[in-house]
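The chain below stands alone and is given in structure tokens; this is the form predicted on its own.
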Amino acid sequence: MINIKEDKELNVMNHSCAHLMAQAVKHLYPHALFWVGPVIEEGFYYDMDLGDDVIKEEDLERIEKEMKKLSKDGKRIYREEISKEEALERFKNDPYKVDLISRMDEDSTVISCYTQGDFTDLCRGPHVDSVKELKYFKLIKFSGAYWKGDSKNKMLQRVYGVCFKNEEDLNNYMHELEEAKERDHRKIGKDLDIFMSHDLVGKGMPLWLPNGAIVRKELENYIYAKERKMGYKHVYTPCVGTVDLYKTSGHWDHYKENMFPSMKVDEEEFVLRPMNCPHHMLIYGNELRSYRDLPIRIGEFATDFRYEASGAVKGLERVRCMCQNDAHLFVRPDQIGEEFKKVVELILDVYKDFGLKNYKFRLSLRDKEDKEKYFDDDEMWNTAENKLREVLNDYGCEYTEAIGEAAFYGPKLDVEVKPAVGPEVTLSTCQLDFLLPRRFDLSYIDKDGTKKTPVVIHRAIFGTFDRFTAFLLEETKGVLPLWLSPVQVNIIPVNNEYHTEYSKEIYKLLDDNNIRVNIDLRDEKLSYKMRESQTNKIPYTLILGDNEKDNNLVSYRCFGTKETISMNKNEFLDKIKEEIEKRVI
């Protein structure tokens, strides 16, 4: 979906259309007052105070109709620059504009207004020349919004819209918008009982429901098996650490604003952990290490807590409590290339298993001029960055470089995946770290008997299970592959009175073979049960009647099809066991 804010021409059109909408609202609600109306990635919005009037769905059509009338009228749009004193006088009856103007710097700020017909508003601009250029627009939604984003202030009404150069672009955008709604993991997660949230628990703190817990556990089992074969040793560590732990690691100085507030218990001060590397450093340092022991690969499915602004929190995609697919590889300098290469190979192997093809690598590097954000050691940074470049070049990976995007302790590789809708998302990360091992005084005994400091590779293949699940739900529209589906087979007896016993027999056969199976014995019509099985996106629905009962058969229908196929019950069992084992996408 196009980023309207970054498209220069569309940015100007949408900014102008926001004013057109405000003018139309002013015609329909003469008492309306306006706060701000910026351009955003998805179009524009305007915050407005309508007094006791409340915008409803049908009002959007009324406002659009008035906007079209004004557009046909074709008034020119004029820019005017005025002094702060003149601005305060002109807008003296508008407390929202007076607030904006009062906070402007009189000496350095150019105060400009734009006028079209009977409507004038403060704006930096630029705008189109005439409202007649604004023909292809649509008001999309409305919501409440606190003035200045502060819950202590008055609730204003926010109306969102979008404007394009032609009807085809507008229609294409609206189609993409509908597609995005269908793929929204929050809607899918609710419909399929994957996760929920509750104000009593808090924003950004999702509750995984039984169906979601199955999906997450299957993902954990999948990546655990791959990591175990590669020599990873998995651990469990506490969800908290002392403030001193994060002062030692450097996170307290560089990451404090993203952490939850500290809490005192007895004589210790704790904080919810935002990441797991400090704990893993201590595990490595728990015993004497030899150069022969390295590499040491420590993995953990770890719950972490990070402060996300309430406006940024979104379902499972942006959360304050997350579970990382985390690992730290402690390596000798001569092992960096090989271990980093293995991480890249693991990422590519996982993406192949999940059918992910549209992705790219981004190498995040430090900004050499930023001595506050990044540890000040040029030699360390140059060595680390060159080593990652060398591996990517040798492996033949295409990548872009992003200056200023590295972690404070080292460069990192991000894998950005293009989803079916929306902007790219970062799923996998891999970071090189020369700093933390020093801070924790980690060492190993080299072959010459001297102490050496290991290098650490931080890596997360799924990123977090939360974000990866959100991504999967949106990619598949909730139609998960058989091996991930919470319910893999749904059994529906044609008649509860005559076919329940055989249905239970098939249920036991599948359940004994670790197939996640459900049997629907509700007193509902067969057609209703079939529709609901499709709505719940269950991969296989079995319909068992007289023919199946008499001949030891099952008749099944795959999700999304209308064809019913019959086969021997044991053949069916073998078929789905093979599909699960191969993790067919």
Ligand code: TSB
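Since we're looking at a predicted model, the values are computed, not measured. Residue numbers here begin at 1 and follow the sequence given.
Omitted from view is the form predicted together with the named molecule, to which the following refers.
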Quiz item: Looking at Arg306, Lys148, Lys165, Lys233, which is the one with a non-hydrogen atom within 4.5 Å of the named molecule in the predicted complex?
Solution: Arg306
Quiz item: Taking the named molecule in the predicted complex as the reference, which of Ala384, Val455, Ala327, Leu480 has a non-hydrogen atom within 4.5 Å?
Solution: Ala327
Quiz prompt | the named molecule contact at Pro411 in the predicted complex, heavy atom, 4.5 Å | solution = no
Quiz item: Though only this chain appears here, would Gly241 touch the named molecule in the predicted complex if you measure heavy atom gaps against 4.5 Å?
Solution: no
Practice problem: Indicate whether Gly463 is a 4.5 Å heavy atom neighbour of the named molecule in the predicted complex. | Solution: yes
Quiz item: Hey, in the predicted complex, does Leu473 get a heavy atom within 4.5 angstroms of the named molecule?
Solution: no
Exercise. Select, from the options 127 to 135, 152 to 160, 313 to 321, 439 to 447, the stretch whose residues sit within 4.5 angstroms of the named molecule in the predicted complex by heavy atom distance.
Key: 313 to 321
